[in-house]
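Listed next as structure tokens is one chain, alone, in the form predicted alone.
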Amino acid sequence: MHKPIIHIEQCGFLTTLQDAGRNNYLQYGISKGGAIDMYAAKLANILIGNNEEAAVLEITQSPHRFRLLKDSLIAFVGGGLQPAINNQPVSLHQPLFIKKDSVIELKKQLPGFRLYMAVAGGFEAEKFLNSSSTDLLIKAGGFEGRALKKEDTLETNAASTSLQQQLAAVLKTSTKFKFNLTELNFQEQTIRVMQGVEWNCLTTDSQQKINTTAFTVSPQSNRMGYRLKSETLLTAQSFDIISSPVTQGTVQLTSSGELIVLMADAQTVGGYPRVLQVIAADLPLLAQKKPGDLIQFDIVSLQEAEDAFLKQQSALKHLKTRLNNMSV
């Protein structure tokens, strides 16, 4: 049963409903979309007993104020903003029980750029191709296919489960959970990558620059891709490729010598050389970078990339198992 949970009294410049994205439609040229920091979105859901693919709020660093319309089990994960409930700061990466009529404010800036808010039962959202993610380009999914704004009211998608009722009962006693989660350092500049399919199209000098240069995230960056500023990179010769598959984390070299890192809303094919691929485990860190931030690439092997991803996913699985086995 859908119930109103949040009334938006102030909204920042880009806050949307996102889930795990649209799977199995890339062959039709449809972007996967979904949360740009998928790790944070899944963690927020797991912390409060949701299906990890439930719709969450993706909140971009800017002032927000929400009023709760019912008692709620909530989690905030990610960076960019410090949540405060009735003017009192609350912990990130923890399940929280918050009473009806409380005011949630997000004003104080923290390292990072995107904060994820999950509520028990997930947010009710319009579905498009089996996903609740907001696609701003075609105006589909989420909340009327658009970013949220002042005076919008959000509803929950499902009633609380027995686990969520248990969590709420424990939290009402002011108990705090200790999960020993390894939190990302959003000030870390190193992003691990693998050599891309067209790595060898770069000149030797440009290959060395990729290993040693600090790149700046350009203001011309969004959910589709991050444009990186640095010295111009060059190919060994004029290099054109047939449009080929790309995905989130693919690093393309444009004809102007700049790099573009494709993100969640990226197209499915591209015609620029794919010189690097950001490893899956570091996509969450990259997603928390904002215009003006510096990043530096560290080229690693496929084995290192797989090990890092499996370690990250194992931590989520362990947390989920621990919560599901909770007894009170």
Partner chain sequence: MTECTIISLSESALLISFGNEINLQLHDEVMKAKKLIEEMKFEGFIETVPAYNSLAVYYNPLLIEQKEKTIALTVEKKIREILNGNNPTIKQSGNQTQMIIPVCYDDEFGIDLDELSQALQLSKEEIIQLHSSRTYKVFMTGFTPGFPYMGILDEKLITKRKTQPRLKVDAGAVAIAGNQTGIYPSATPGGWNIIGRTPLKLLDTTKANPFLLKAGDEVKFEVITKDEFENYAPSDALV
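Numbering follows the first chain given and starts at 1. Model, not experiment: these values are computed from the prediction.
As for the form predicted in complex with its partner chain, it is not shown, yet the points below apply to it.
- The stretch among 255 to 263, 56 to 64, 33 to 41, 296 to 304 whose residues place heavy atoms within 4.5 Å of its partner chain in the predicted bound form is 296 to 304.
- Across the proposed site, S91, H93 and N325 without exception lack any heavy atom within 4.5 Å of its partner chain in the predicted bound form.
- Checked against its partner chain in the predicted bound form, the residues L136, V197, V170, V217 give one hit for a heavy atom within 4.5 Å, which is V197.
- Only one of L233, L184, I98, L129 lies close to its partner chain in the predicted bound form, with a heavy atom inside 4.5 Å, and it is L129.
- Put simply, A287 is far from its partner chain in the predicted bound form: not one heavy atom of it is within 4.5 Å.
- Using a 4.5 angstroms threshold between heavy atoms, P245 counts as touching its partner chain in the predicted bound form.
- Among residues of the shown chain, Q277 is one whose heavy atoms approach its partner chain to within 4.5 Å in the predicted bound form.
- By the criterion of a heavy atom within 4.5 Å, Q10 is excluded from the residues contacting its partner chain in the predicted bound form.
- Along 27 to 50, residues Q27, Y28, G29, I30 each place a heavy atom within 4.5 Å of its partner chain in the predicted bound form.
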